[in-house]
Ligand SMILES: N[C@@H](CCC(=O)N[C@@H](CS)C(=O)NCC(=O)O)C(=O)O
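Take a look at this single chain, the form predicted on its own, given in structure tokens.
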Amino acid sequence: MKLIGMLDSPYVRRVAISLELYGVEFEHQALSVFSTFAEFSRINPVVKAPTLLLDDGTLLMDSNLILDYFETLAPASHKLFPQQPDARAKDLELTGLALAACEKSVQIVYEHNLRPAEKLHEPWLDRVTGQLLAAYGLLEKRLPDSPSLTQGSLTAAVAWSFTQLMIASVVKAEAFPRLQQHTALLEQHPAFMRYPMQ
């Protein structure tokens, strides 16, 4: 089984960390959708990261779909989503907010790194930045006081690390002390340390 994609993608990194926590053995193949496009396309013509290549040749794409598959397979002791409905809803809320923050962070990075400066669309950037700050504002309020290794809490930490690495000037760390503390704690976990943001 191979996980294809770069760990500087929050989506690839959340899958790698989750698979580690599920106890799933896999090989990580660090291919970029940009610099190694041709090599990636030979594995998956769609060139979407993350891609998980199962042993039978099945291609799974999109971090949510990959993790849904392994959450189904995981024994109760290794599941990352709470099983009780109310707790699960709260964790899904955290996961959704964290994924929205990832998406908006990626949009800002792409806007600055892929579009020529004279083509930047400031109203679009303002809108996306507002959505990003709103997602982190809600996460700051909703994070539990004591983080546990649920999908919501780990995705929030992965998202925050990505945002701070790529666009710290847009999202000021000092405005989100709980997120900072939460992420600093989870980044010390062996699964996070094994798959560091690159």
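Note that the structure is a prediction, hence the values are computed from the model and not measured. All residue numbers refer to positions in the sequence shown, first residue = 1.
A second form of this protein, the form predicted together with the ligand, is not displayed here; the remarks below concern that form.
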| property | result |
| --- | --- |
| Exercise: residue 47 in contact with the ligand in the predicted complex, heavy atom 4.5 Å | yes |
| The ligand contact at residue 183 in the predicted complex, heavy atom, 4.5 Å | no |
| Contact flag, residue 33 vs the ligand in the predicted complex, heavy atom cut 4.5 Å | yes |
| 4.5 Å heavy atom contact, residue 176 and the ligand in the predicted complex | no |
| Listed range touching the ligand, judged in the predicted complex by heavy atoms within 4.5 Å, from 168 to 176, 125 to 133, 141 to 149, 63 to 71 | 63 to 71 |
| Sequence-ordered residues of 110 to 131 touching the ligand in the predicted complex, heavy atom within 4.5 Å | 110 |
